[in-house]
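The chain below stands alone and is given as structure tokens, in the form predicted alone.
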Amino acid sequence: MVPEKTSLRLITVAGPPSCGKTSVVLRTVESMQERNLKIGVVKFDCLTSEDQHRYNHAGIPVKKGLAGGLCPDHFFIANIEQALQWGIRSGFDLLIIESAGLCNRCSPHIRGVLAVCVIDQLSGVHTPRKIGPMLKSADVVVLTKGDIVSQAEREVFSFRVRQVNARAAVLPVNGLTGQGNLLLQKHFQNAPLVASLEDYKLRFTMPAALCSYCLGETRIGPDCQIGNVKTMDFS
């Protein structure tokens, strides 16, 4: 009788929309599946996502969660423990959490859990400075679409990433061909085992809340603004 699993290797993958997160994950776990590792994915997004079809086509069990009108990272943190327990019940060796990354101020990364940030090098050399804690607190930074930009642009982009996060491993990976994913596989395989996320902590705080617009207000004007409000000086 095979003993029931009580833990698995958990990984959070974040990054701006359309940077290639799903492609990188698919190419990276492709050969890991061939070594009989059981891998699952939970995809968190905001309004809609079709990525679950790509995972299903690759034979990877997947759950999709849509935040709708809620902040996607608040939605994430309210569901992450249940996602982990689903992965353990399913007998996965590895569970990958792919987050929408829709807010540069937010981050799904958790202390004690391998944190990966994916960035598209086509987004411009100033992008690393604009992305907040999902880049600054990552253990691994994956650079995609490097085959489309020049060598000089790749070097400058990589330098800017290291200025923001000097301790992270910076790995160029081609999401279409899978080139460069061997080192990323090793990081996945060495991710810490996790049995429960209770009492774990986020690596960075969520954005300040709550304001009237969070509660559904649509009118404009100071009389309609209550709670956390930040204004600019135009004098």
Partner chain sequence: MTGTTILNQKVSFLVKERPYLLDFFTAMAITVPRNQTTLKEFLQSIPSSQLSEFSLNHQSLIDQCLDFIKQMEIFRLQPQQSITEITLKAGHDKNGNPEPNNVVLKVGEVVALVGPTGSGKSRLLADIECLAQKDTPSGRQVLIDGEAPDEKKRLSGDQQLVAQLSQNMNFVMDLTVGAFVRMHAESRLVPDIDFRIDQIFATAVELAGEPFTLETPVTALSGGQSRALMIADVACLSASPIVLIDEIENAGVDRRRALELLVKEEKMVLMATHDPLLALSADRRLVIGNGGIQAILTTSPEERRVISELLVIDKKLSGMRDLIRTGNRLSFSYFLG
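Please read these numbers as outputs of a predicted model, since none were measured by experiment. Positions refer to the first chain, counted from 1.
What comes next is about the form predicted together with its partner chain, which is not displayed.
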Using heavy atoms and a 4.5 Å cut-off, decide whether K63, F75 and D93 all contact its partner chain in the predicted complex. no
Sort through 198 to 206, 66 to 74, 22 to 30, 43 to 51 and report the only stretch with a non-hydrogen atom within 4.5 Å of its partner chain in the predicted complex. 198 to 206
Determine whether any heavy atom of L183 comes within 4.5 Å of a heavy atom of its partner chain in the predicted complex, and answer yes or no. yes
Give a yes/no on whether E153 approaches its partner chain to within 4.5 Å in the predicted complex, heavy atoms considered. yes
Touches its partner chain in the predicted complex: V125 (any heavy atom, 4.5 Å): yes
Determine whether any heavy atom of D147 comes within 4.5 Å of a heavy atom of its partner chain in the predicted complex, and answer yes or no. yes
